[in-house]
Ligand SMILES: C[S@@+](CC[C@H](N)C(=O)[O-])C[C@H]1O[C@@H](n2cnc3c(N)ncnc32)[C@H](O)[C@@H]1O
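Okay, here we've got a single chain as structure tokens, the form predicted alone, with questions on binding and movement later.
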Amino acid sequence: MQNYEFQPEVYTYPTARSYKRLDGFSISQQEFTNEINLYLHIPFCRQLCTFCGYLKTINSDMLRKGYISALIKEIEMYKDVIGEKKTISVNIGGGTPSLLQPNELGEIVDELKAINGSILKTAKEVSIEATPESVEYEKFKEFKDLGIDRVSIGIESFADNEIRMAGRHNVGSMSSNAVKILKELHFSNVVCDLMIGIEGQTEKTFSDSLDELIGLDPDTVEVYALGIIPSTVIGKHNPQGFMSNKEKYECYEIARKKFLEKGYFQSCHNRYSKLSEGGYLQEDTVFRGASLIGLGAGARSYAQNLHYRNSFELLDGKAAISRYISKINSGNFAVETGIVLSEDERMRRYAIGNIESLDLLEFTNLFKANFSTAFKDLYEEMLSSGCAREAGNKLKLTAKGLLFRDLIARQLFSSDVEALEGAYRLTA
């Protein structure tokens, strides 16, 4: 913390970088919680952003048609799980899933309802991700009619020069108009993403983007600092003009101050919302331990005993998509990699997911161990550094702790996961 070391967001554990090749995958061996989340990956984009490390390819009508057909078949392969469990959230991510036509999204929703007729009733959140330039009034009206109630729109910046350097198309006026359309359509939760540290950005231009966004009054805002991924355009070419790590943390503080002043509450370390539920049910419930079933190329699933991933390529999204389609059309699951969770890894996963407000008594009941003993050095340092305080049975991060949340979470990684990540970096 003294040196402002930067740790990209820890949004899952174990990370996919620790996954190994899986053979003989069987759905019957997976232990899912009674309440599940669904994630569907749509890997098509109109542009490839310089910083993006997700699985994606340039949009193609023919490839998209074959992919949707395979995705529907994969949903059918999970019918015994999805049909029996209570689905509490559905998130359609990417890529740019808002490139789907309403009839294409309708096919996917119809398949989910055919397997579980109450899915749109039990799901408290049905979300789709979007880019500003893909937001059209009539299309999103039809999306809402299909059951979408949450739209997460990647704005990233309102500074046109920063958008252009990132390889994106959404100039500021386009982003503003997109948010206005979504507000006019009265989606239950309009979510906007902003990035800290993209190429060319300064603390001043980031602050200006915050002011622009606050003026649009979204329901929820998520603020992410850029982590440079080696396989991305900026990772390969290492262009100049990036913020220092210290400046990134200062931008987090600027955002926190502005949003709290405008009536938002901080629902997690990088999210601010006006909604009592916190703005992102799927992430929150997965952090608390609910299982997630990921469908589509590159999608990850989190059972209690195994985390696993469908066909994925670091550098060639189209190859992974084609392999996914081929496997599903052959009647096979597209699962390729994963990691078995030991009791120790489950304990670490729970601590990371709940580190912002950790119920110490519940931790002990679940794992027959005291957090203060299992992670003695970290526990003591969190308290002595002012990053955490005890309140009743809970260990709660302070404002300082929330600022460095991802750095704290990194300290909970096991030596096994650290070693697997190290081996991945050497081969990536």
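In this text the structure is predicted, and so the values were computed from the model without any measurement. The first residue of the sequence shown is number 1, and the count goes up from there.
We do not show the form predicted together with the ligand, though everything after this point is about it.
Taking Gly294, Gly94, Gly353, Gly317 one by one, only a single residue has any non-hydrogen atom within 4.5 Å of the ligand in the predicted complex, and it is Gly94. Taking Asp219, Glu212, Glu336, Glu129 one by one, only a single residue has any non-hydrogen atom within 4.5 Å of the ligand in the predicted complex, and it is Glu129. Stretch 153-161 is the answer when you ask which of 138-146, 251-259, 153-161, 115-123 has residues with heavy atoms within 4.5 Å of the ligand in the predicted complex. Among heavy atoms of Phe51, some come within 4.5 Å of the ligand in the predicted complex. Among heavy atoms of Asp193, some come within 4.5 Å of the ligand in the predicted complex. Proximity of Arg168 to the ligand in the predicted complex: non-hydrogen atoms within 4.5 Å are present. Contact check for Ala225: a heavy atom falls within 4.5 Å of the ligand in the predicted complex.
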